[in-house]
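Two forms of the same protein chain are encoded below as structure tokens; each is given separately, as structure 1 and structure 2.
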Structure 1
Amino acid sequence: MESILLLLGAGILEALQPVNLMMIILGCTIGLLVGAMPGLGSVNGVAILLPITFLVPPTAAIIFLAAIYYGAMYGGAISSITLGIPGASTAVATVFDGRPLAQSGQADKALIAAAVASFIGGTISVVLFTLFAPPLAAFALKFGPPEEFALMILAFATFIGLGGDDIPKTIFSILIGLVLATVGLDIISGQPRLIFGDISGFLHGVNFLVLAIGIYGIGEMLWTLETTKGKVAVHKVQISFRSLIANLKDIKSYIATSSLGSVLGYFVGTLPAAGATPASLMSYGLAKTFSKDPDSFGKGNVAGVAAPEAANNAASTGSMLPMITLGIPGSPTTAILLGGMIIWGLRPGPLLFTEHPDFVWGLIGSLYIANLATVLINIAFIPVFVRVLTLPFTILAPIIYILCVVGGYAPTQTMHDVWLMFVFGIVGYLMRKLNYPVAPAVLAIVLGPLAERSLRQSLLASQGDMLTFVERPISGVCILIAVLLVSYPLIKKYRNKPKANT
């Protein structure tokens, strides 16, 4: 323990070197802006800025890219709350309660909750990273295809409660998302499937951001125009130092939720190919399932903002663990970081800790500083973010529309996805009008490809034996918890029936 603290102290001193500190602050600020821009996200931000880092030493370069990644995790909440458009897939769960809070004039409360929860998630995950890196890396290696599939089932189970008491509508929404997730090329045979005749644009599948931006950007705008009959009131949000202090005092109402989301997010983030998006969605589902007031979720519950934000920040740190200790990227962004490390002659793996301790502990130390820097920068700019809501809707609507089009075009740079985004916007509007939950469909299209790949790999390895999912300890426990979570609303409803009759 003493040796870890000494190495960490040396790492923090390394991160506080003028060049490294400058790169941390610059990276966090750029990351915040990158994360807030719909359709851009941490992956594109890190990839675009990778060539710039050749101007600085390798340690400063990786610290800069890691700071962009960190800042982008914070920034995704900004457009989710202020505009109702997720800045990246990792922030889609933040829209569920962040947007209703902003519409009720509490945007400052939602933004501060997102910033503080992100700080809690980042702090807990960095401490866990420091203390338990080697054992957690070994545990992550035990996750084969059956365990990954069981984890996906667990994620779906946590979202059964998102449809309120109408479980059939929630399941229907999940199934729609799973169908959309299968559009494109078959992962084993390579044959095209569900491409609606011979439309070439569907060969690359349905991009998640296209769906999310369509439903939460275009769909939300259509719904707002209908419900307000075109006369949208300007949101008057008063922001002052006193209100900031008052909102900071509300931390105690969501600190438990944030802590739970942080631990869950870090664990999910350490699993290769899982990443921050499923972590944030699972954290939101768990927060709602175990809340004393689950009906308030989706209507403006601050815990619904805190839980996913804590989870996605913790997952971003967790995804660096397999990258550094095993050379296996835990997310698309860490895959780019891994490429950068190899370019600079740093070979990730267990030997990295002994061959380049200055680099490893300097990077870990920079995460502590980046976490503090990002939360301070974020809170300092909250008055600017809130100003967005004071714009008249006649100005705001075209801005949202343009951001949606840019965000829909950016992932694949094809007009096919832009038209598809408009279709999803209309579908999202109709689903909301018919009281169907859209969040489970979004979850399903994110996790669908991962679940299908794990399922088919497991069945191929076991020669079609379904018992492989319950015979293995980790997957068996995940399946059992999933069954309990699905049963929980039914048992709760059954227990409440006699009380209602009385």
Structure 2
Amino acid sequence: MESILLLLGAGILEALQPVNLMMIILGCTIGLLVGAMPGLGSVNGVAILLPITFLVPPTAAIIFLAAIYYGAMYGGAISSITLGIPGASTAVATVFDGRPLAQSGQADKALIAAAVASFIGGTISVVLFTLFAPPLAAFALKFGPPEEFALMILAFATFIGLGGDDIPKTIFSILIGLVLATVGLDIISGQPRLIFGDISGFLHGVNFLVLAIGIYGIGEMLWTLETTKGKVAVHKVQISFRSLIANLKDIKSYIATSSLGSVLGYFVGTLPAAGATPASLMSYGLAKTFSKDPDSFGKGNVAGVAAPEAANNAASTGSMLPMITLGIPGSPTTAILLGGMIIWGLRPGPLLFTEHPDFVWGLIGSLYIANLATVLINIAFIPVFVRVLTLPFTILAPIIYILCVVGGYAPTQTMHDVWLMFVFGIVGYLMRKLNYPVAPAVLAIVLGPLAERSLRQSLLASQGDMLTFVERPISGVCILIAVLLVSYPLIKKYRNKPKANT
């Protein structure tokens, strides 16, 4: 325990280094803006801006991206409340009570409750993260290639079991991500693979950023243009220092539900498929169930804003736990962070704690600082963020497209990748319209090379015996849970059927 506090102290000091502190403030502000814009969430911000972080050292870069992640979770509430459109899917539940509050002229009350609840969620989850990460990483040191592979299977199984999307389409999305990751030179034999039409651009593989920026940059903008038609109407927000103090006193009416939501959100967030959106919906449901006045939910109850906001912030921290300790991302955003770590030459996984403690603890320390920085920036600049929402799409869209194009060019510096990104964006958008989930593909392309390597290493060691994955205790348990997760939707369907007949 004492050693954790020492390491944490060092991490916080690392995060307070001028360059890192600047990254935190910049990241939080950008995150708040990105989160506040309807349609854009943390994953879009992180995907589009990752190439720009090559400018600074890896620690500063991940601190910047983590701060964007954090800021976006706070920012999502702003458009949920003032526009009635969730700023990101993670803030869907915030609309339920945030919009009625804004319609009755209490937008300031809702915005401050969202910020304070996010802070509660952030704080509780960061503390949980600090306590859970080192022991989990120490445990994960025992993992060999079969365990790594089994964990990845488990991660993909959560999408099938808990993702809630059409199952064959989810499987297709996972597999195509994995196949795209195999393009290029084979990691073991060095043979060129899947070089379509002998185009040399495929030899360096399909960079995960090309898919991520295509889908979350171009595809997402097209999707947003379609759903909003570029028109939005903002509710008025009036805020003064006096109302701020009065609203802060409301905290006692929602501190209990927010704390509960934070713990829930943290654990839901660690699951790859679940994450912040279901966490916030569950937390909303829980707050309503345990409320003394459940009927007021949906009509403008402050606790209905606070509960989901606390949960989605806690979930974003939760999703970093498996990324840092196991090398398995807990959300699409952390998948991109993980891919970034590989680009920076770090091998994600349990060894990170022993090999690069300054990096890991710097990141953890930065979460504490970022949480505090975001709540202050958020409350201080609420009017500014509300102004941003009135920015016309015809200005925002071309800027995003340009960032996508130059961002797609930067990692490999070939136009081939930019074209590929454009194609992925369009195809991703067309498939998403047909309910093909896109997040599993992004997760899969990041994990693909790691999954293939651990599979082939395991098979080599076992002389081609597939049973090795079941015979080893830890991987056996993972595979068992994966099988249960995959069969869960089937069992649920089977059990519901008799009921439907009667």
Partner chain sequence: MTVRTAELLMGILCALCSIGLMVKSAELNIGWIEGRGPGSGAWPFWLSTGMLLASLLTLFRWFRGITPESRSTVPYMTRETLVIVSISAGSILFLLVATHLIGIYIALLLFLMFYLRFVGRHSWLLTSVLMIAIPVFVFCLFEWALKIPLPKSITEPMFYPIYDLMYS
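Take the two forms, superpose them, and find the largest set of C-alpha atoms that agree within 1.5 Å; that set is the rigid core. Note that the structure is predicted; figures quoted are calculated from it, not measured. Here, residue number means position along structure 1's sequence, counting from 1.
**Q** Could you point me to the form predicted in complex with its partner chain, 1 or 2?
**A** Structure 2 is the matching one, since it is the form predicted in complex with its partner chain.
**Q** Honestly, after the rigid core fit, is Leu178 moving at least 2 Å at Cα between structures 1 and 2?
**A** For Leu178, whose C-alpha is compared between structures 1 and 2 after core superposition, the shift is 2 Å or more.
**Q** Rigid core superposed, CA of Leu26 - does it shift 2 Å or more between structures 1 and 2?
**A** No, Leu26 moves less than 2 Å.
**Q** Can we say the CA of Ile62 moves by at least 2 Å between structures 1 and 2 when the core is superposed?
**A** Comparing forms between structures 1 and 2, the Ile62 CA shifts below 2 Å.
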